[in-house]
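Two versions of one and the same chain are coming, encoded as structure tokens; call them structure 1 and structure 2.
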Structure 1
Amino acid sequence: MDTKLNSPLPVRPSRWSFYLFLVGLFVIVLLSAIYIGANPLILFQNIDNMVDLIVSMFPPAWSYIATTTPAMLETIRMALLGTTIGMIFSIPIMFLCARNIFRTRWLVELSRIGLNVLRTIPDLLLAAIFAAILGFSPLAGIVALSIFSIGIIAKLSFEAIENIDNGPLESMTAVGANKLQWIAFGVVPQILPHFVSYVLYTFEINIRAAAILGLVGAGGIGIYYDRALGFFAYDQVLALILYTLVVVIIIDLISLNIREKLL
């Protein structure tokens, strides 16, 4: 005690562990880079490849936009249907995952673990598997997007449910409402705007995802990416990139507009 009071300055905590951590991190990054053969020399040697590639992209093949419009519409349809089906399935799941709706502890925890596992599987992996099951068709993309959407919508919504105001729920219990009435009149009006907003947000994500699902054979405009790249037609690739970009931006703007009005 005495020594502590008399010491002129507080002792600086040792920084060795921090330095050790930095060195460890550096070693891990270096080993990873070696493992995947990330040799900067290759990149610089092949830099003219890249320059050639970029040069061959210009001017973009605008005529390709007309050719690919049916596929683009199919992409939008896939995203729309995938989001809708995902929305329908996420409704029961999000109630099951909310701690303030279902008091059965093991059921809630089990549904949460299930949802978390579902969320770890990337969209393109789902599409590749469903393309193998259902054949190369937009149906595979729709099923993959539906499952992918459940993960996002259910996750965001159950968190919104857990943050609702308890007042209406207590009054409903006080006047003797049953569980279904309790959810319909106490919970739903409170979370509906959030829920619709999350569905729209998921739709925005799904449009981006649907545009590339075709690369693994799951329908939409992605098939044309594959084709154009296969023929080394980079001007067509650029036209596709720009076309997708414009569609994504337009849909984002519409969706963002509605979402701002909702909340």
Structure 2
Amino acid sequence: MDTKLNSPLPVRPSRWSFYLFLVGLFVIVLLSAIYIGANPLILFQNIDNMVDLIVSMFPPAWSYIATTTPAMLETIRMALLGTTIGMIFSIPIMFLCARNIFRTRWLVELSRIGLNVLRTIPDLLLAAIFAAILGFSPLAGIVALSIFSIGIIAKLSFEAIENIDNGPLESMTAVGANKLQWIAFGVVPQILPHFVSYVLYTFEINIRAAAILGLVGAGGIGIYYDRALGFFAYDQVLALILYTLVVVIIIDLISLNIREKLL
């Protein structure tokens, strides 16, 4: 007898449950806003300041773009190096975190805890810490982005590994393949397109992150953001924002094109 045919159909939640959920969510959001003092009226009360700031941004100081181009190139290099180093170190970690690769429970859990620790620390805080250790230089930003990249790439990749088709792995086990052969010929071909896609995605994120690491002295275009804000030169700030936007859009398009061909 097919037990699936006799199993009861899933019960559709009532509308009252949905309405109660919405009311509960609204109450939680409202209480959170009251607790932290997030009063939207303050935004309207300071609308004049906002208008003055926006007006002072125009026209953008286009000449500032030429001055900051070397720093923008440095930002791209920082993101590229940070992503590459993070990619290399994330490879062993993602295999150690995957339950279908390593059956030793304590090893997998320990690896995941270590990965969670890396993911917990914000990139800006990492940059501030390494700027204090290594000095105010792009090296601090590269190290911070490397650690940040490990957290993203390893997390997404080990979840992809746990969802691969186990058929090839079982066949290789039956013919006596060792663990390295298992990974090289059974796992890597299945996750490689996803892994490359995650690396490109992380590179996009790192471009944005690297743009603000200079605020804590970790090099890149962020130094010019800090300088322009410090002198209230909002026309220069707008020029930098537009410059960063164009760079991010170009890299996004290139990355998206590559990812669409891989997946």
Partner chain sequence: MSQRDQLKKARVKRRGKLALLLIALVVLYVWAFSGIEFKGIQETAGPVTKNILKGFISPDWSYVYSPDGEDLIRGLVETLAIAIVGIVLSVIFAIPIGLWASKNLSSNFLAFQSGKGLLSFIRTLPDIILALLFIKVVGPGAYAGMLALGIGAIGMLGKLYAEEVEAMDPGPVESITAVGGNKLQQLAFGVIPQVLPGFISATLYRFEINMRSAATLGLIGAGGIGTSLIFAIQGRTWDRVGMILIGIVVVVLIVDLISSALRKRIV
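By convention here, residues take numbers in order along the sequence of structure 1, the first being 1. These figures come from a predicted structure and were not determined experimentally. In this text, rigid core is short for the largest set of C-alphas that superpose within 1.5 Å between two forms.
Undergrad: Mind telling me which structure is the form predicted together with the partner chain?
TA: If we ask which form is the one predicted together with the partner chain, the answer is structure 1.
Undergrad: Two rigid parts rotate relative to each other between structure 1 and structure 2; which of 50, 89, 137, 208 lies at the hinge?
TA: My reading of the hinge gives 50.
Undergrad: Expressed in °, what is the rotation of the smaller rigid part against the larger between structure 1 and structure 2?
TA: About the larger part, the smaller one turns by 19 degrees.
Undergrad: After superposing on the rigid core, what is the C-alpha displacement of residue 26 between structure 1 and structure 2, in Å?
TA: Rounded to one decimal, the shift is 8.4 Å.
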